[in-house]
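We begin with a single chain expressed as structure tokens, specifically the form predicted on its own.
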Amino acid sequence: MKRDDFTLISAQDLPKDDVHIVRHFIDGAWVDSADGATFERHSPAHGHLVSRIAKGGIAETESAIQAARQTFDSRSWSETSGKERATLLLRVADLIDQNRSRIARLEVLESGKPISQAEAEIEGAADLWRYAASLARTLHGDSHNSLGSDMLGIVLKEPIGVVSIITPWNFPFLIVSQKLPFALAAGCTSVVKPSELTPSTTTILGELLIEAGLPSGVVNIVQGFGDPVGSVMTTHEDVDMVSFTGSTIVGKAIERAAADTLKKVSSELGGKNPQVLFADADIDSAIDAIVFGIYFNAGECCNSGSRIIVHEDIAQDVIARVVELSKKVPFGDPLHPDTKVGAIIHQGHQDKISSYVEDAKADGAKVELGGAPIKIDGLEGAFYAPTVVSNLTADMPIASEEVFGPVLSVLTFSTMDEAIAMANGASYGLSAGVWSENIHTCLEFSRRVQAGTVWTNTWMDGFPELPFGGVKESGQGRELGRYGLDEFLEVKTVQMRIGRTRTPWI
């Protein structure tokens, strides 16, 4: 692998930010851990200390759950009007916009993602809060007046209760904004646990919630690790629902843990998302989307377009053009405005990425580009070169498992049936894409592929109005759209007899 093959952006001025102090937010107050325990987060790109975090335990988690439970049971939040809840959510959205630069910078320092991407994500997060506000104003049940002259049926939609929200490290502010405002719009209270790797921006959100006037106890934030914080949040009898985004392995563990109390679990998990290119595809557009889809967020994205399934007639041309465009993608210092791809989240994860590529090579795969870590001048962090791997079979781990890095797997097909079989062959079903100028091809593929989202002649567009989630081992439930609000609601039927018309049973 030659460094000259890539577009690398070396370090500019290294950050000199003060260490960010992160504490728990429980019942409206910022508190340290009872035992004073803390842990630290260093920048995965620059290596310096970014944040010092209170390390939560069972006591802090139970206190947060108790605050959320008492607040919900008091009805002080759940019985506010849709107008009141919407007004607060809109206030939060405005505050997010006002603090976009501060939030984005901390997200870059903790996650290693590029500053331009982080700023766009914070802007998108504000839009999610505004959309959730619109749902709070328009939330309603149903009535049935066709049950006979003496009966009226009413279907009520009520908040499910206390929600444990557990978010990942790859999109810490965006994903909490895909969950929390919808829970609040529904009238729920919550306990939030951000990833221990990226806790700071969720703490800033807590500050903004206070400034917006959210009552104490409605939202609580506990810092720490899955054991014990996440474990308590998913098993405690006072929690009514868990909303989790993360790996499939952890998602399955949460499902098992929540089973004893039969609490609802909504999960958005892993993906091995295919883009299928038919012979009549618009190659220029497809190549750009493929490169974006695999290198966006360094491939550390559940929606990453991590495998392409290409018709054999165009496969060699597509591979060559993907390789050439990959060489032009700016990798390096995440604080540089031109950088498109930053650091890998930590060294252990980079080692995992490397192992997938090495195993594929041992099985006969061909590395068309990259295939190894790469050093960025002036930076201590973990960076992995843009990588394209071909000569694969569908059963190879690199072609069927989630690598979660900037590694593109290339497979080929000759018929629609073969393409569908490959696309559906992985255990995941989060998203998929199809490229063809024939609308009939696009529609047939969209109906047959097993995925929660299908993109046709595009990749990874997203809108707050449209639901997002997966099938199979990519999870269950939906976020965003009106379906995302429904996840946090229980349906209650009320049957009303009008007048004294009931015929006696005895």
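The shown structure was predicted, so the numbers you read here are calculated from the model rather than taken from an experiment. The first residue of the shown sequence is 1; numbering continues from there.
The same protein also has a form predicted in complex with nicotinamide-adenine-dinucleotide (NAD), omitted here; what follows describes it.
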query: Complete contact of S134, L214 and F463 with nicotinamide-adenine-dinucleotide (NAD) in the predicted bound form (any heavy atom, 4.5 Å); finding: no
query: 4.5 Å heavy atom contact, W30 and nicotinamide-adenine-dinucleotide (NAD) in the predicted bound form; finding: no
query: S247 within 4.5 Å of nicotinamide-adenine-dinucleotide (NAD) in the predicted bound form, heavy atoms; finding: yes
query: In the predicted bound form, S231 touching nicotinamide-adenine-dinucleotide (NAD) (heavy atom, 4.5 Å); finding: yes
query: 4.5 Å heavy atom contact, G381 to nicotinamide-adenine-dinucleotide (NAD) in the predicted bound form; finding: no
query: Heavy atom within 4.5 Å of nicotinamide-adenine-dinucleotide (NAD) in the predicted bound form - residue from T202, T71, N170, S390; finding: N170
query: Contact residue in the predicted bound form, from M241, A126, L430, V357 (heavy atom within 4.5 Å of nicotinamide-adenine-dinucleotide (NAD)); finding: L430
query: Stretch from 401-409, 419-427, 325-333, 183-191 whose residues place a heavy atom within 4.5 Å of nicotinamide-adenine-dinucleotide (NAD) in the predicted bound form; finding: 401-409
query: Residues of 251-281 having any heavy atom within 4.5 Å of nicotinamide-adenine-dinucleotide (NAD) in the predicted bound form, listed in sequence order; finding: I254, E268, L269, G270, G271
